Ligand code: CMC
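This document starts with one chain, in the form predicted on its own, laid out as structure tokens.
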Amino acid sequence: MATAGTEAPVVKGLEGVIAGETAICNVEQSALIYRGYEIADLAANATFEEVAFLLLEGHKPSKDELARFKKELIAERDIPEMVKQNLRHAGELVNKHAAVPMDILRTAVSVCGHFDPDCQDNSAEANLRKAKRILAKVPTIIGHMQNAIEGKDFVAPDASLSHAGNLLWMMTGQKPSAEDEKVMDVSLILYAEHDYNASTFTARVIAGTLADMHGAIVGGIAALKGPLHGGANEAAMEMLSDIRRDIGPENDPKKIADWMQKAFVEKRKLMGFGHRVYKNGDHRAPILHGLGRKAAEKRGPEFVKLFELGEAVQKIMEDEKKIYPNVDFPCGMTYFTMGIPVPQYTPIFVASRVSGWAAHVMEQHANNRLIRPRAAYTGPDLMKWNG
């Protein structure tokens, strides 16, 4: 039966569909650009705070603007006592498998909204203030959560540390080395923004209803949890752990090849590879791989072997399937080398991507139209209820 909404071709997953306009990010085969700046340039020369300012306030910060922005973030790192009380139960919930860290983080950000004086105000000025508050508080939430999981006391945010450094401090209770802080900082830059990806599009759809910033960010977190999106970094590390368990501690080339062939035959989805846009490789992946490899070499042979295993898997995928790693593949190995618990990989993604989400929410609110596509109906023909 002919129905409305079937005139245009159906594109599963909206692949290749241009769903809107943005001045925030340009994702191309040849480049990834944040407001005019290419990702390799930013990774080599900027800090995450500078990139977050660029995304949220729309231009490269001056020295004074950056100092002001950092001061604003540091002032907003603490979280409401009610959220702290909830996080104290995080360990029990996670250890009972009743929740995972992304669930805990999603709920905590939502509760923070209840205490934000601007929560219901969608003006540009209020949105910017909320964006900075959420950005500042996410590392604190992650850190308190991890401390609760490990049965440790909470540590207070450290005003002397950068966003990346404070995130590591909050999780471990130890001041990070300059190298670890740099690696984390660059990873946050790489993850900060990526145009209309699944979580960003989710946040824009929510913002398009004129819902508030916290609601849109919470929706973004929920979308990012999935293993086909943000959760891919965790899944990639779990895949490498599976390979290591099956083949043993030595990187025997034949055993690795046999494992991969078995995975191909079984049509196992190998996480951390392929990208909807980048068909010839993710620009971010080699940047993070290089930093992670250097960190592994300083930590010892077992970590170098992990990267060597990853490189062998990557070569097989490229040679036999012409499929290249995305940024999640080196991320898993890099964070593991830094001693970060695997279930916190995706929450750390949030600590970065919230800057991009918030920029898109503000852009959507500034020039809004409700996002409401049509569907092609595939159900039964018209029938009579009493027929």
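Predicted, not measured: the structure shown is a model, and the values here were computed from it. Note that residue numbering follows the sequence shown and begins at 1.
Missing here is the form predicted in complex with the named molecule; even so, the following discussion is about that form.
- Message: Does any part of R268 reach within 4.5 Å of the named molecule in the model of the complex? Heavy atoms only, please.
- Response: Output for R268 is yes: heavy atoms within 4.5 Å of the named molecule.
- Message: Would you classify P227 as touching the named molecule in the model of the complex, given a 4.5 Å non-hydrogen atom cut-off?
- Response: Within the cut-off, so yes.
- Check whether G143 has any heavy atom within 4.5 Å of a heavy atom of the named molecule in the model of the complex, and answer yes or no. G143: no, not in contact with the named molecule in the model of the complex.
- Message: Quick check on R244: any heavy atom within 4.5 Å of the named molecule in the model of the complex?
- Response: Contact with the named molecule, no.
- Query: Picking from 319 to 327, 356 to 364, 43 to 51, 27 to 35, which part of the chain touches the named molecule in the model of the complex when contact means heavy atoms within 4.5 Å?
  - Reply: Careful reading of the contacts points to 319 to 327.
- Task: Just give me the single entry in K305, H275, R129, K84 that has a non-hydrogen atom within 4.5 angstroms of the named molecule in the model of the complex.
- Result: None of the other options qualify; the answer is H275.
- Quick one: of K279, R299, K152, R88, which gets a non-hydrogen atom within 4.5 angstroms of the named molecule in the model of the complex? By the 4.5 Å heavy-atom cutoff, the listed residue in contact is K279.
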